[in-house]
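Taking the form predicted on its own, here's one chain by itself in structure tokens.
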Amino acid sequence: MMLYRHLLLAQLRGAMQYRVSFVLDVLSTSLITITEFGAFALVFSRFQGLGGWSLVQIMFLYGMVEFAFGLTDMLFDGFDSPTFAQHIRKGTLDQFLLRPANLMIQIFGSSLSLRRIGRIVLGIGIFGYAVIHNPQVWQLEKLWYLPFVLIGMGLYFGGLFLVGATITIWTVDSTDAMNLFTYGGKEMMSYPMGIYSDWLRVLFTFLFPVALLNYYPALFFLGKPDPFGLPAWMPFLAPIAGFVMFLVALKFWQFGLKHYQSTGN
């Protein structure tokens, strides 16, 4: 952790060397989030609800996943497929492997997407507004459980970034297929599962546990009944699903490293 702290400080110092560029990057990512959610809110104002959810309730879903994904995307930037693929192509992964330091800590500290700060702050703002206007959330057991849900989502997305990075060991170049599960999964988690078709909902509940990470915990926090009639303990699987996903991804990462053959000269 001492090494990780030094690497993060180096990233921060590097970003502050170009402060105007840093500020513009943060503003641009913030503008994307504002535009996306603003457009949705304007369209939503034409309807009474979406799948039985009000705008403020959807803001709870949206803000929670936006914060969790934005934070994970920033911290795991070194494992993002395009970023990690550069290490494969240029052979810099070999340099990491030769150093007498933990490989994952080096990759974590090699890239920090600070431009995501704008998206994280906006996610907190949207989520905070939703919490204030949903009094059902203000219960001790729900507030106690909230950090575990956020950690579960972070572990899930972190696991996906690990899987994407590992695949580039064989493909050398990044693959856009992982975006379906990372960025696509983030978008899917931002809205109630009831608006999706049955096969899609089943797929992303039991095979890819997207619904377990955000939708079912949100039902618990907001005091809403489950329209699909699943067991009452479903909302409490979020931390477990996230941990299992990260553990499987970590094993896959270790398997990929054992079969890494370098890029030659």
Partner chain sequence: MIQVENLCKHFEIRHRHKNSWAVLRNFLKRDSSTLKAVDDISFSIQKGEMVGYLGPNGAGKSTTLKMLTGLLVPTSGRLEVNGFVPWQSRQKYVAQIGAVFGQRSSLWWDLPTIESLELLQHIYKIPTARFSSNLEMFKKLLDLDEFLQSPARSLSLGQRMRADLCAALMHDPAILFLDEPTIGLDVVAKQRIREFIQQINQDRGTTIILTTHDMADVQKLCTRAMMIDHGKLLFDGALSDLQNRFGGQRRLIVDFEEPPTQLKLANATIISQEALRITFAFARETRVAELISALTRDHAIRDLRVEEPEIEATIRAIYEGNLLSA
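Numbering follows the first chain given and starts at 1. Computed from a predicted structure; not experimentally measured.
Another form exists, predicted in complex with the partner chain; not displayed. Remarks below refer to it.
Specify the contacting stretch among 85-93, 186-194, 114-122, 69-77, defined as having any heavy atom within 4.5 Å of the partner chain in the predicted complex.
It is 85-93 that comes within 4.5 Å of the partner.
Of 148, 129, 138, 170, the one that lies within 4.5 Å of the partner chain in the predicted complex (heavy atoms):
Selected residue: 170.
Heavy atom to heavy atom, is residue 13 within 4.5 Å of the partner chain in the predicted complex?
Close contact exists here: in the predicted complex, residue 13 approaches the partner chain to within 4.5 Å, heavy atoms only.
Residue 179 versus the partner chain, in the predicted complex: is there a non-hydrogen atom within 4.5 Å?
Looking in the predicted complex, residue contacts with the partner chain do not include residue 179, since no heavy atom lies within 4.5 Å.
Should residue 243 be counted as a contact of the partner chain in the predicted complex, where contact means heavy atoms within 4.5 Å?
It does not: once the partner chain is placed as it appears in the predicted complex, residue 243 has no heavy atom within 4.5 Å of it.
Is there a non-hydrogen atom of residue 18 within 4.5 angstroms of a non-hydrogen atom of the partner chain in the predicted complex?
Although the partner chain is absent here, residue 18 would touch it in the predicted complex, with heavy atoms inside 4.5 Å.
Contacts with the partner chain in the predicted complex - residues in 88-112 whose heavy atoms fall within 4.5 Å
Residues within 4.5 Å: 89, 90, 91, 94, 95, 96, 97, 98, 99, 100, 101, 102, 103.
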